[in-house]
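Presented as structure tokens, the chain that follows is alone, the form predicted on its own.
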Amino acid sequence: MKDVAQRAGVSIATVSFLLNNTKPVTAATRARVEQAMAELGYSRNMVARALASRRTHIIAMAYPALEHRFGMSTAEFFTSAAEAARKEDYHLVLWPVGNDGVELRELLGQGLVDGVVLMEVQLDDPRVDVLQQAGTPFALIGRTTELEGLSHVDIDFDTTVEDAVKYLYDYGHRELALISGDLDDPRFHAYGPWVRTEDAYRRVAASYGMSVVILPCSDTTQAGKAAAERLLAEHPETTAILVLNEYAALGVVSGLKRGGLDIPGDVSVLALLMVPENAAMADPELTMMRTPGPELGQLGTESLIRELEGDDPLPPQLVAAKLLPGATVAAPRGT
């Protein structure tokens, strides 16, 4: 810091103010100091900083990678969260720890991070208890059943499903089906997004006077193909399908085409919670409800950092997915 101060023609205190954001520094002074740092190859020693302040300025995103596949939608959460952290002078790391909280407890004991952002939240999530017992600040991207006192943001599943059903209904579809997640799988029996999507679909379908058809499906393309074949066999009257998982949606399109159906001529497909890159992999390109990953990754991280900095908390926020038309929805034949 002394070398940087000498080269920039400022005091050591000014360099400290800039690095730690403790006092305002003019734009011209900031430019001189940053140029001196670049010329000298200076970088802060994060370990020394952590020892002095008892804070690492590192936050972790806890993602149960063994239970949940890493997809393009997931990547958007990570990248937006990392960017939000960087803007506030924090580093974000990914912790692929399980949902049972065991690994999380072990990692928290090492004092590696200042706080944690939880992803893929279950309705009764053991990780919440672990974090509370450890006294570690945290925020949820998702929701448990009991939310009092918990900082959280999530997808607005009610609005997302309602908008999707209305879109299909306005095209003339009256025989709909939802290919959902497999809640019988022990890993996902209380997985919030699947439970909330199914609950919303039952409510919305009933409000339109339509029968409720829900088929379970795991999060693979092969499972999507099998679900499409089962739907054709058990509910041949179906004219439109909503698919919850992004990998399964690709399989559904493939399975329907393998069954000799034209999309969207014979049956329409609308993917719930998908990103454009994956929608473009289908032939034809999928109509989808675009996952709000960038917004939620940013909001969840900002919520945690506000707590770490002692600022006023962000209010809980629900963000609905937005419809992006593709080429897999059309009016039913004969309408």
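Residue numbers here begin at 1 and follow the sequence given. Note that the structure is a prediction, hence the values are computed from the model and not measured.
The following text describes the form predicted together with another copy of the chain, which does not appear among the structures shown.
Note on the partner interface in the predicted bound form: the residue among 83, 158, 229, 182 having a heavy atom within 4.5 angstroms of another copy of the chain is 83. In terms of contact with another copy of the chain in the predicted bound form, the residue from 96, 172, 126, 216 that brings a heavy atom within 4.5 Å is 96. Heavy atoms within 4.5 Å of another copy of the chain in the predicted bound form are found in one stretch of 70-78, 198-206, 172-180, 142-150, which is 70-78.
Residue contact with another copy of the chain in the predicted bound form: residue 88 places no heavy atom within 4.5 Å of it. A residue is said to contact a partner when one of its heavy atoms sits within 4.5 Å of a partner heavy atom; residue 283 meets this definition for another copy of the chain in the predicted bound form. Using a 4.5 Å cutoff between non-hydrogen atoms, residue 103 counts as a contact of another copy of the chain in the predicted bound form. Although the partner is absent from this view, residue 136 stays clear of another copy of the chain in the predicted bound form, with no non-hydrogen atom inside 4.5 angstroms.
With respect to another copy of the chain in the predicted bound form, the three residues 7, 26 and 32 uniformly fall beyond 4.5 angstroms at the level of their nearest heavy atom. Taking another copy of the chain as it sits in the predicted bound form, the stretch 230-258 comes within 4.5 angstroms of it through a non-hydrogen atom at 247, 250, 254, 257, 258.
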